[in-house]
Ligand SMILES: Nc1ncnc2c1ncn2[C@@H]1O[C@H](COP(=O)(O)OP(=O)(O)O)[C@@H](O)[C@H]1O
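Given next, in structure tokens, is a single chain: the form predicted alone.
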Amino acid sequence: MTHTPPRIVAIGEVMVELAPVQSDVYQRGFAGDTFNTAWHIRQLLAEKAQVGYVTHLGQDALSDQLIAEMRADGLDTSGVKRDADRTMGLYVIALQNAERSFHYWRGQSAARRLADDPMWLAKSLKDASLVHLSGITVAILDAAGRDRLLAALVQARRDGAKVSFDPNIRPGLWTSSDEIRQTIPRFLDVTDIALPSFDDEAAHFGDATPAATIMRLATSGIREIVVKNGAGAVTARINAQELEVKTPSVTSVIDTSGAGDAFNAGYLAARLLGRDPEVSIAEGQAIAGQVIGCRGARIPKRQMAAL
């Protein structure tokens, strides 16, 4: 008998990343929250899983370079569609004492069209074991695109997939706080694994504690909720089991970009391997601890081999 590895599909936007390496010198890379998660999962699981990415890119040289890099790193690119009249977005990381802020140029991002074709989207999610997306995936779409994405997720779940969702709220991508509060719960209603960050939930939904976030999300019927809280403890509720796992201190912090994405990858990869929740949270913390010691939003591939 042959064993078919699980198929993991992440949906979202990949951007050109310019990360500072010294004063006025930047390193070009590619990053995006769900892309970072998918990339790390593929490096962690290798041949134990098929990992694909669903997005739209341009037909320019940078898009060509990204696709070549994705394939070299073992990602399935069959879910990448090319647009002749659009290209990739770009962002620049600004650092102050390892804390980052971002400057974006993404108005012409081809990824804004990733839900324009419902048949293509459904085909891209076919046979998925796990579909991962974020609030950024949702925010870059127009209202009709969000409806089409939601319908695709409903169908994927009917076909046997689980959906993991990191709300990852970026206010600049939304028209108002009301739009955030009206839209995010629609996607929580089709979520099996919720991976929120407490600071986002407190700021936009008024949660006083991580436990309050868990109680609110549980009302959507989500049975696996893991609340990240920066350097604070991770709080979780998984099938009615409540956990609090202290986050280990990290001595070398260079750039906190992508920490939450890396946590998601470590946690989801461990769960896919059948590890229990507490061990899986620790795996997520370990990967997040590694990425904040690197420049940019992904751990260098040579360093991933040791993990």
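None of these values were measured; they are calculated from a predicted model. Start at 1 and count along the sequence shown; that's the residue number.
As for the form predicted together with the ligand, it is not shown, yet the points below apply to it.
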property: In the model of the complex, the residue from Leu217, Leu75, Leu133, Val234 that sits within 4.5 Å of the ligand by heavy atoms; result: Val234
property: Single option in Gly221, Pro185, Pro118, Gly230 placed near the ligand in the model of the complex, where near means a heavy atom within 4.5 Å; result: Gly230
property: Contact check for Leu18, Gly29 and Ala31 against the ligand in the model of the complex, heavy atom at 4.5 Å; result: no
property: The ligand contact at Thr87 in the model of the complex, heavy atom, 4.5 Å; result: no
property: Thr247: touches the ligand in the model of the complex, heavy atom cutoff 4.5 angstroms; result: yes
property: Touches the ligand in the model of the complex: Thr137 (any heavy atom, 4.5 Å); result: no
property: Any non-hydrogen atom of Ala269 within 4.5 angstroms of the ligand in the model of the complex; result: no
property: Region of this chain that lies against the ligand in the model of the complex, out of 57-65, 249-257, 34-42, 269-277 [heavy atom, 4.5 Å]; result: 249-257
property: Sequence-ordered list of residues in 143-175 near the ligand in the model of the complex, where near means a heavy atom within 4.5 Å; result: Asn168
